[in-house]
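Form predicted alone, single chain, as structure tokens, below.
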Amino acid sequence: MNDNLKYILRFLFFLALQLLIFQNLNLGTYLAPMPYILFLMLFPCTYPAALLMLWAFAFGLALDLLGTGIMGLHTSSLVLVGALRNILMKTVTVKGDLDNHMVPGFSQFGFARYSIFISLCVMSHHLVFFALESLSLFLFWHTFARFLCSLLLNVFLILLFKKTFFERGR
């Protein structure tokens, strides 16, 4: 399958998944399911950061326009993840680990390094997302609790989805 077609289909899949299922889940104040961050993690390791940021901008803008909430929230946080993804990937890999067309995953990095990589990406997303959402330090501990609980939930969801749907069995 053509790579661009594959990326467009994933774009539509994750957008529909977030808008139709996860945005409508009521898990309480502290849990905000956002597994759409996995969309950016499914690009090859050496995919250019500028193109990744364009995909992130388009996805975030579509999510902001079609979803509910503050405009620009998803866009700004996803563009940051797109900009930092390759840098964060290099922090958890050993020289020579990355292949040109390899998609990062459990089989390439191992469970621990891939979990750290996903945690760092989700953490950078959530820092921007929840900081912009609150725009205040008045409710710092409330925002921090939302950040931490959502971080744990989304790392779990992303690792689960990656292992279940996007890892090829051996």
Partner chain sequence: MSGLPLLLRKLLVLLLFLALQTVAVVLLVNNSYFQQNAVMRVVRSWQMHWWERTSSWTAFTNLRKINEDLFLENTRLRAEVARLSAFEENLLAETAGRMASADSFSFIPARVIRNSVNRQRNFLVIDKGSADGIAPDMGVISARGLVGVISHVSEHYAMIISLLNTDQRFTGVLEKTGAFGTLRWDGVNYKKITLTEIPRHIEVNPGDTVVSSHFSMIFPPSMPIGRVLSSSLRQGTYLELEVELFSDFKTLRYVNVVSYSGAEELQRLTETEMEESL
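Residue numbers count along the first chain shown, from 1. As the structure is a prediction and not an experimental result, all values here were calculated from the model.
If you look for the form predicted together with its partner chain, you will not find it shown, but the lines that follow are about it.
Looking at the partner-bound form in the predicted bound form, is residue 112 within 4.5 Å of its partner chain by any heavy atom?
Outside the cut-off, so no.
Does residue 45 make contact with its partner chain in the predicted bound form, using a 4.5 Å heavy atom cut-off?
No, residue 45 sits far enough from its partner chain in the predicted bound form that none of its heavy atoms falls within 4.5 Å.
Could you confirm whether residue 54 comes within 4.5 Å of its partner chain in the predicted bound form, counting heavy atoms only?
Yes, residue 54 lies within 4.5 Å of its partner chain in the predicted bound form.
Given that the partner is absent here, does residue 134 sit within 4.5 Å of its partner chain in the predicted bound form, heavy atoms only?
Output for residue 134 is yes: heavy atoms within 4.5 Å of its partner chain.
Among 50, 61 and 79, does every residue place a heavy atom within 4.5 Å of its partner chain in the predicted bound form?
Yes.
Have a look at 140-148, 125-133, 104-112, 32-40 and name the one stretch with heavy atoms inside 4.5 Å of its partner chain in the predicted bound form.
Comparing against its partner chain in the predicted bound form, the contact stretch is 125-133.
If you check 116, 66, 27, 70 against its partner chain in the predicted bound form, which one has a heavy atom within 4.5 Å?
By the 4.5 Å heavy-atom cutoff, the listed residue in contact is 70.
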